[in-house]
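What follows is a pair of forms of the same protein chain, given separately as structure tokens and numbered structure 1 and structure 2.
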Structure 1
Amino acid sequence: MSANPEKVETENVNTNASVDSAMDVFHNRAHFWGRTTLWVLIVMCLVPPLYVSFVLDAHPGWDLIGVGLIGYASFIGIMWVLEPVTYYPTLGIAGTYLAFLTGNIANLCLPSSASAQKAVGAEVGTRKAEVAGTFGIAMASLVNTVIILLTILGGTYILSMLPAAVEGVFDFILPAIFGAVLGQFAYKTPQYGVLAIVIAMVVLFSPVFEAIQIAACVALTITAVLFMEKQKNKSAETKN
């Protein structure tokens, strides 16, 4: 063991410059292929909606699409920017391209990257960790895709086999999934969860134009939560 640190040190001194240029090559390749695959996917994401609108001749009108997109962007739009910024330092360049194409970043890609790094004894932030993490995330992406594919194919079959008595359960998918997601965000501060539901009920039963209801709820909840956080900070300060 005593010889090890010395050995590592001399190795580092000798090869730093070449490792740097090797990492530049790695990053350049990652940028090239990451961007290429993302742009191809972006173009491909336009195909299904264009197909429904103009091949099946069921275009709903750009105004309705705009209403849908603005409603969704009112709460997801901030994630488009914030998630890449938040996860990029941990994922690295290659990991960012992989994770944001395949999805499931926090629950799948980050743990797979971290465990792959740990398994080969790479310390966080090193070049070795970046490459080891890339192996981990790429494998996670493959595993995830295969399992989703099997679930979809198997799930279609399972659903066709379900007895009618059980099918009634699926009438309640939407309140159950939306409720579960709300619980996920509310469990640390349940009072904010209650607040969100109260705001939503007020908006639903007041004459707010239906298309902007969700955006109104998001705006009101942000305002209320920021106000409550400020009050909390103030009372904490006066205590001190």
Structure 2
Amino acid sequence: MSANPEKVETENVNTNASVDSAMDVFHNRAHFWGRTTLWVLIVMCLVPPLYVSFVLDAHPGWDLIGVGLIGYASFIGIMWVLEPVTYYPTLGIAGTYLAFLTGNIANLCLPSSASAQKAVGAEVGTRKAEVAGTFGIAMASLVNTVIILLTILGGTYILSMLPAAVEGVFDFILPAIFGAVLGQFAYKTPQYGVLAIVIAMVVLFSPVFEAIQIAACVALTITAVLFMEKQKNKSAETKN
């Protein structure tokens, strides 16, 4: 027996309306809980430095805080705007809140979202993909949090057993991290890595205010690289 076309069309319209309504509710709740949890996280992040500064009386001074803020903002500040704009179309509303709540978007949240969408055969940009991606990010964040918690607890125990001579090596961790980051970004274009090091040495040993040294290094390196790229393009156009 063949189905009534008008009845089938009406059922499809009702189904789509029901799905749209459910997604609206899902988005509204995602906005509410996403904003709430992010604000709670922001406040919680401020509690430890405020406690150390004003309860333990170990405030480093506003000048040092300002130098650190300017240096960090000059290095990573542009990503505060670019990342939400670029990741949102792939992660969706709930996935974006989750990703920025737990962090490590490029290496954890984005691949987890893509894997979950691929596992259920969802096309990017659809409602099915948004829901699947959100579940993928949620599970990856949960596993990541558990592993980090176990690592912190286990690492604290291991550190308490280390001799003082080994603990002194930890002073080199931060320079080692910066060196690894430089190597990660500079191995494809080593000349730019060398250029950044030269500029940093010149700025470090020149009479530049400490508060703007990092910002000056970033600005000069970006300017020099853009100039070199422009000259390279001009040279290629001349040959053609």
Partner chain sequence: MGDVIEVANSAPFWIFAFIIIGIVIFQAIIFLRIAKKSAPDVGMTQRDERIAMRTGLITAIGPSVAVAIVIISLITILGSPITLMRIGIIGSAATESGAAQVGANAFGTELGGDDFPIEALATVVWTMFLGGMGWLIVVALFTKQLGKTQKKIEKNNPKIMSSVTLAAMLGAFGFLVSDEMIISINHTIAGIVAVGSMIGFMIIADKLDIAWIKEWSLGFSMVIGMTVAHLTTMF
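Numbering for residues begins at 1 and runs along the sequence of structure 1. Rigid core (definition): largest C-alpha set, two forms, superposition within 1.5 Å. These numbers come from a predicted model, not from an experiment.
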Q) Which one here is the form predicted on its own? A) 2
(Q) Using the rigid core as the reference frame, would you say Ser160 shifts its C-alpha by 2 Å or more between structures 1 and 2? (A) yes
